[in-house]
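For this one, two forms of the same chain are given in structure tokens, first as structure 1 and then as structure 2.
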Structure 1
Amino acid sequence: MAPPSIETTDLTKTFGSFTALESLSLSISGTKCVGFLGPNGAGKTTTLKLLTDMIFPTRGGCSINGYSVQTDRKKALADAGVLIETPEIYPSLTPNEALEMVADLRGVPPAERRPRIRTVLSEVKMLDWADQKVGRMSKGMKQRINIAAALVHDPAVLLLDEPSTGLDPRGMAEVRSIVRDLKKSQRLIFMSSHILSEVTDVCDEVALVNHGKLLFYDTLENVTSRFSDGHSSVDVSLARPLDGGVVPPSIAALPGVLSVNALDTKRLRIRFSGGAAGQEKLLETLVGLKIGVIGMADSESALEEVYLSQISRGD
């Protein structure tokens, strides 16, 4: 069985004199989460609407799992779950009733609907609310039901359009947690977002768009190394505060270390050279210094620096 895939070829959409998307050629294959990143107005929602045949391309085309969305729409979308913008659910319905309706529309056999609905409600952590009226639910809870609706026919491809936008911090965290869990279910997830931390936290790969043009598509690791002159950045967590809040000179003097900054009294941001091997050696040396190292992670600033530099270049 072929892996799930999404492909666009010279995909272009104009509205009068305005070009919303220009010559987007993107080939994605396999089970992973790809972040479709860009500022508001970059062309992300336009792309997702083209992928789902909600609007028609001015030029070019796209396919899902090898089937053309433009010429074989039914087969292309049969194995795709879709959440575009924020659809409303009838407030008088319960999640069970709303998902029963979606399952019927999606052609889920009657005998399979109840167990399938129970499964997706569990996936989005809404099983305990299955028989409550949707109208009484928070926006975050409704969004989780929307994600469940996209999953009810067990698709191999999941298209999400900024799923956490408009939610409060708790709702955003819940949606991101759900997407992380969905990555374990062997699906290809294509998720648009303008939030850097969301892409860094959830996605394996990133495609950056601006003014309707694709700037790059690669793994997060390759993107940050490709645009950072071979340098990397990590955030180091400490068990106890720095003595006097000052970074020990011994850290700045370590081989390969380019700069060290204290983010707060218990966190350091270290920029270094040497790639993965350099990071391994750095961690080993820091632990040996006995300064209370309890964790190291790729710096959230790495993608931010790439994002800002590429977006400003495009402007």
Structure 2
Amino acid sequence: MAPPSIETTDLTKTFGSFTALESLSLSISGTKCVGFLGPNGAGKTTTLKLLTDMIFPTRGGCSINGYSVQTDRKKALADAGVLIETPEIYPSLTPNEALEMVADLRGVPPAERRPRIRTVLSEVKMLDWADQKVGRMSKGMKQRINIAAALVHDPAVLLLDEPSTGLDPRGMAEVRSIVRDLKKSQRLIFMSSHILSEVTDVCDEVALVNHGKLLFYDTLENVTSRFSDGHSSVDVSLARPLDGGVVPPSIAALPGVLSVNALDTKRLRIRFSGGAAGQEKLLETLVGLKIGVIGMADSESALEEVYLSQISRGD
């Protein structure tokens, strides 16, 4: 079985004199999560709408699983789950009925529908609301049902357009957790976002667009190392506050450490060189300093730095 894939070739979309997307050529295949990053108006949603035939390309084309979206829409979308913007579901339907409709139109066999609907509603934590009218639900609840609708046929490809947009912090965390869980089942997830922490948290690869142009597409690791001169950043969590709130000079003096900043009294951001080996050494040394190190994670700021430098270069 061929791996799931998304491909765009010279994909261009103009609205009058405004070019929303310019010659996007992107080939993604395999089971992974790709973050599609860019500021507002960069062309992310335009790309996703082109990939789902909601709008039509001015030039070029795109395909899903080898089928052209423009000429073979039904086959292209057959094994894809889609969430573009925040769709509204017919208000008189219940989540059960809405998902039944989606499953029915997608050709999920009748015997599999009920258990499948139950599974996806459970995944998005909406099982208790399965028989309530959608029209009475909050935006966050509707978005969860939309995610369930994108999953009901167990698709190989998932296209998600800023899935946590408009949700409260708890809702955002839950959606992020859902996407992270989805990664465990073998799928290709293509998710647009401008929330860098979200991308860092759940994505394996990132593509960055700005002003309708693709700036880069690579693994998260390569992107952060390529654009940060081989330097890395980690956030270190401490069990107890720093003495006097001051960063011990001994940390800044450690080999490979370029800078140390206190994010608050119990968290440090350390920029260092040496890649994974340097990070291992750094962790060992920090533990040895007995300052109460209880955790070390890649800094969310690494991608942010790349993002800002690339976006500002384009502006």
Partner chain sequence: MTATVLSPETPRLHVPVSSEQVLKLTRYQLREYLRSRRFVALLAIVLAVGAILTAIVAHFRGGIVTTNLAFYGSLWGGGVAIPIVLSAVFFGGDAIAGEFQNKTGYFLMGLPVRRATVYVGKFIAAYLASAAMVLLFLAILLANGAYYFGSAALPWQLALSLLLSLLYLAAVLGATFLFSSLFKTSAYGFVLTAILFLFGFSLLQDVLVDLAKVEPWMIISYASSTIGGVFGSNINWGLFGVKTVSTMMVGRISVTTVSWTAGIGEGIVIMIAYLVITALAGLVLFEREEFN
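Under this definition, the rigid core comprises the largest set of C-alpha atoms superposing within 1.5 Å between the forms. Numbering for residues begins at 1 and runs along the sequence of structure 1. Computed from a prediction, not measured in an experiment: that's the story for all the values here.
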Identity of the form predicted alone among structures 1 and 2: 1
Residue 92 C-alpha moves between structure 1 and structure 2 by 2 Å or more, core aligned: yes
